[in-house]
Ligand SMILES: NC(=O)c1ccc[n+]([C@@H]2O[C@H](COP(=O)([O-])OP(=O)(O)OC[C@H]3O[C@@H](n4cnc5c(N)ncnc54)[C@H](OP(=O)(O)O)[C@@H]3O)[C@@H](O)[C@H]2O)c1
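For reference, the chain that follows is the form predicted alone, supplied as structure tokens.
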Amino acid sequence: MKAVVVEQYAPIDQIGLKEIATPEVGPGQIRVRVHAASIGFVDGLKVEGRYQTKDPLPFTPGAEFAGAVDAVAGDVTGFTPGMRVMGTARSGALADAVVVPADAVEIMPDGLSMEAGAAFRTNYLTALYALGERGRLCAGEQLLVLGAAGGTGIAAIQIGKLLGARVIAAASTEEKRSFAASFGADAVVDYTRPDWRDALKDATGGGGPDVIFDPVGGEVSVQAFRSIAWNGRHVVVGFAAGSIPALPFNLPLLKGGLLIGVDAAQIARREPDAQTRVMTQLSAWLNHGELVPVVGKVFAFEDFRSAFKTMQSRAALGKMVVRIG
């Protein structure tokens, strides 16, 4: 089968497609013929060896996928060949097939495309866990989403609306702000402008945002916290800007604010009950058609490098997806 293979940590231009053996299933596992896989910020870091944990070489990147069940271990029930499923893996999704534990996948709702299935789990799990479980976002509150046009940002806009919040989307270009508005943002601000906090104050009616969803980092994060409402919650989910901000400790004191961290990779291990609650709610929204995962640009398998480059350049609108099968 074909797979993207990282033999040495390197920029994506130095990574290629190779023919490798199709993996066999072991106890408790299923094999999925991959139809689509999505590319996230973490995938780019892993390829270059810059993530906080390193995958042993050689490895195939890609953590999210959708496809059809191809083979099932004898001790696995509930799955049969041909079933449409979507799921996650530590790595291995950028390939014709991936082998994962059976509990790493779920059956896809009827009508959901393979591309949407591949773009779903990590971003929407992160958004609902961050806003519902950690940020305690309530109906009627005001939510500021930084980096609003990216994969997690768009997910946060959709989840915020489903939770009943008024959503303000912050993004760096007119195209990105229009994209965010098209998926439900009630107001938009340009955080590259020197006076963007004044625009945010106007957008929130003078009170500031009750919750900030922040996948960006850098100086904009500090400026956002300076604008937070009394007893506001600033939820940190990543640092796409490339720099980790240093927050002056007098700001939480003056604002009565909370700085909250979210690492989606640790939720299942550390808070399995929260993971179950979040996934149950997301599945209900999906199955009732209340939530449709946003797919950004779709790339051919042979053009996987362009998917990485688009994501790394922060030019992405939504989640980048590679069509494989």
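The numbering used is simple: start at 1 and walk along the sequence shown. Just so we're clear, the structure is a prediction, and the values are computed from it rather than from any experiment.
This protein has a second form, the form predicted in complex with the named molecule, left out of what is shown; the following refers to that one.
In the predicted complex, the named molecule sits within 4.5 Å of a heavy atom of residue 263. Although the partner is absent here, residue 109 sits far enough away that none of its heavy atoms falls within 4.5 Å of the named molecule in the predicted complex. Using a 4.5 angstroms threshold between heavy atoms, residue 268 stays clear of the named molecule in the predicted complex.
The named molecule in the predicted complex is not approached by residue 233, whose heavy atoms all lie more than 4.5 angstroms from it. Stretch-level contact analysis of 204 to 212, 100 to 108, 119 to 127, 158 to 166 against the named molecule in the predicted complex, using heavy atoms and a 4.5 Å limit, identifies 119 to 127.
Checking 279, 42, 68, 259 against the named molecule in the predicted complex, a heavy atom within 4.5 Å turns up for just one residue: 42.
The contact residue chosen from 240, 229, 188, 85 relative to the named molecule in the predicted complex is 240, the criterion being a non-hydrogen atom within 4.5 angstroms. Contact here is defined as any heavy atom lying within 4.5 Å of the named molecule in the predicted complex, and by that definition not a single one of 31, 92 and 95 is a contact residue. Contacts of stretch 166 to 185 with the named molecule in the predicted complex, defined by any heavy atom lying within 4.5 Å, are made by 171, 172, 176, listed in sequence order.
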